[in-house]
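Take a look at this single chain, the form predicted on its own, given in structure tokens.
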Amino acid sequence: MVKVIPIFFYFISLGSGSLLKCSGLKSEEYLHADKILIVYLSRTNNTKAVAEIIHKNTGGDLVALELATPYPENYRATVQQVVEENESGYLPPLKTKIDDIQRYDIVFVGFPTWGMKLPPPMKTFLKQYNLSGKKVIPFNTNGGYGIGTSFQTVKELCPASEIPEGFSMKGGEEVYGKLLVIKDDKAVEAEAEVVSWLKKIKILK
């Protein structure tokens, strides 16, 4: 059973109404929060930061993908392992399990760009669960080289899903030792961009 964070958590921890005040949204602008799932993979916590911003502004359940066998902490060892997984088509098993995924109508999937491709663990998730008929919405952070083929791969793995326009922004550059950068002023900037995107794809009224 995964640990999910329901929308009422924020009202309890921040005080009633404060979430709406900080996001500038009215209560009626939430679109069936109980039907929204936000799944993300994050190594340097930048994709996690964007996932939390989405959750703050849409509600729903927030789930981090965890692997049965985590990648090495060493960056270059992980890069080599991912290259080998991509070449062989290996899909690393997930520790994360999501019960009753059919109750969700909207599934956000967030990930970094690895080798200009969709990370293998996210491929595992998209192949493991039937997302037919749902809105599957990709979001991404990267080291400055863009999304590569990742969004296209999401479309290919979800042929019976609606895939709205995705979101991408620059995050950390682990190869240079830059880890979490979406924080402080950058987090404020990121939230403005995310809210604008959510309105554009009509997840926010």
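Please read all numbers here as calculations on a predicted model, not as lab measurements. Residues carry their position along the shown sequence, with the first being 1.
A second form of this protein, the form predicted in complex with a small molecule, is not displayed here; the remarks below concern that form.
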### Query
Taking 4.5 angstroms as the cut-off for heavy atoms, does residue 128 touch the small molecule in the model of the complex?
no
### Message
I'd like to check something about residue 153: if you look in the model of the complex, is any of its heavy atoms closer than or equal to 4.5 Å to a heavy atom of the small molecule?
### Response
no
### Task
State yes or no: in the model of the complex, is some non-hydrogen atom of residue 113 no more than 4.5 angstroms from a non-hydrogen atom of the small molecule?
yes
### Message
Residue-level contact is defined here as any heavy atom of the residue lying within 4.5 Å of the small molecule in the model of the complex; does residue 176 satisfy this criterion?
### Response
no
### Query
79, 94, 91, 98: which sits within 4.5 Å of the small molecule in the model of the complex by any heavy atom?
79
